[in-house]
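In the block that follows, a single chain appears as structure tokens, in the form predicted alone.
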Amino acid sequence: MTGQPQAPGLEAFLSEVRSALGSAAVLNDPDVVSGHTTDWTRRFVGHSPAVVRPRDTAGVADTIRSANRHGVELVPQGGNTGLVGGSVPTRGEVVLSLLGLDRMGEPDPISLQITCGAGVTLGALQRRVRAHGLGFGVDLAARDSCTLGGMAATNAGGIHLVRYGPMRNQVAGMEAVLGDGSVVSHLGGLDKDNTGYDLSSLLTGSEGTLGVITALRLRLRPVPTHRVLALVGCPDVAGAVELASGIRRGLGSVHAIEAVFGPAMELVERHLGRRAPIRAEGGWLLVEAAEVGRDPTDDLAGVLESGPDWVTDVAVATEDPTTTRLWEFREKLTEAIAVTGIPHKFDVSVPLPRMADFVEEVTSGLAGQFPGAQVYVFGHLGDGNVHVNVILPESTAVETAEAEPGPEELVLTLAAGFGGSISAEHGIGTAKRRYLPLVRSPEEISAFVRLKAALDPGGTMNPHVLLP
């Protein structure tokens, strides 16, 4: 990779941070740093002179204030499981790792809330609260790597969004260090607190461009005592959408509605070394219903029986390991794609009535423009979020999306043209920043720029993502 000029004050910054946080907080061994400079897809590869890893909010504030004094740019990073280059130092920035902020409180069984540091992984949270009969509303396949701070910074969605909403809905309070080094803390967790601007909501989804989330007060949910999972074969995308819509209308206990289309199922079957128990022509729906205190199996069966005539063969599971084996046909897809090649990953959303046309056009368009490309489509059909994964015949790692001509324009322009969004849950990052005007007006982007200038006047925080 070609290097970028380092800030003139870099050495003074690193020396100052070592004095404030201790020498162990500044990592500059090339082998260690390299683990923070490549994203999960391996498509975006950056470079950095150092990784700073504070242990608390005060250390984060010291680091940001020092960066402002010395003109050093920072890229906040959690578990580095992002898919759009948003946490990669693509222009030689210093990485500000939040993994050290891993303190986790005890669940409050009365308010159904818990306070966690930004560096706590989703999996660690799930294990802590499960012991108290509680769960968390967002679940991701990367649960043992992704951090709560990163999930909030990107407003992660996941498989249960159809039931509980995205990460923003789970945040009851937040502590953060803004781009000027000031600390804002509002961790009371009151459900009713109408006292001004909701900074927690503003910082959720801001991708580290306004500041750094250091702690979260999170809402918890009772763990369902009964679950039932069904795999249904569908004749085509339109049929899958029709069935998903009927399930959402008729099943109050719906917990997840996931879709896998065509070649994507063939790929994960090869990866797992086994075939799905239901054969289908166009796609599969994986439907989970869950309840506290009652079994929703009959409810799910009733909705499926009253569905389209083609719903005749269904695989049902109510207990592990059968449920886990069924879920793997969806959850192992990302892993299967990653071992196949370096993917261009698009998480877009389109209105459900137009989903079938979008999938048809994006698939045929990619095949025509990129002969030999492998295209895998799947997603969260309950909320209109579809993942389009493209492996080009000669795909390579890049520093920025601008460095590589690829399928971005085709996929994102189509999504916007169908009245959708170019990012459903992973953010804009580096990969999509130049396409933001497709879905945001000049007035909205101008407001974004003014917010950035107000909260990060030095342009220190993640300056090369989100804004075009």
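Start at 1 and count along the sequence shown; that's the residue number. Computed from a predicted model, the values in this text were never measured in an experiment.
Below, we turn to the form predicted in complex with D-malate (MLT), even though it does not appear here.
Figure note: of the listed segments 224 to 232, 237 to 245, 291 to 299, 379 to 387, the one touching D-malate (MLT) in the predicted complex, with heavy atoms no more than 4.5 Å away, is 379 to 387. Within 4.5 Å of D-malate (MLT) in the predicted complex, a heavy atom is found for none of His271, Arg275 and Thr323. D-malate (MLT) in the predicted complex comes within 4.5 Å of a heavy atom belonging to Thr334. Among residues of the shown chain, Val260 is not one whose heavy atoms approach D-malate (MLT) to within 4.5 Å in the predicted complex. Contact annotation for Arg330: at least one heavy atom lies within 4.5 Å of D-malate (MLT) in the predicted complex. The closest heavy atom approach of Arg217 to D-malate (MLT) in the predicted complex falls outside 4.5 Å. Interface residue among Ala264, Leu83, Val287, Val350, judged by heavy atoms within 4.5 Å of D-malate (MLT) in the predicted complex: Leu83. In terms of contact with D-malate (MLT) in the predicted complex, the residue from His36, Arg55, His426, Arg433 that brings a heavy atom within 4.5 Å is His426.
Of all the residues from 113 to 128, none has a non-hydrogen atom no more than 4.5 Å from D-malate (MLT) in the predicted complex.
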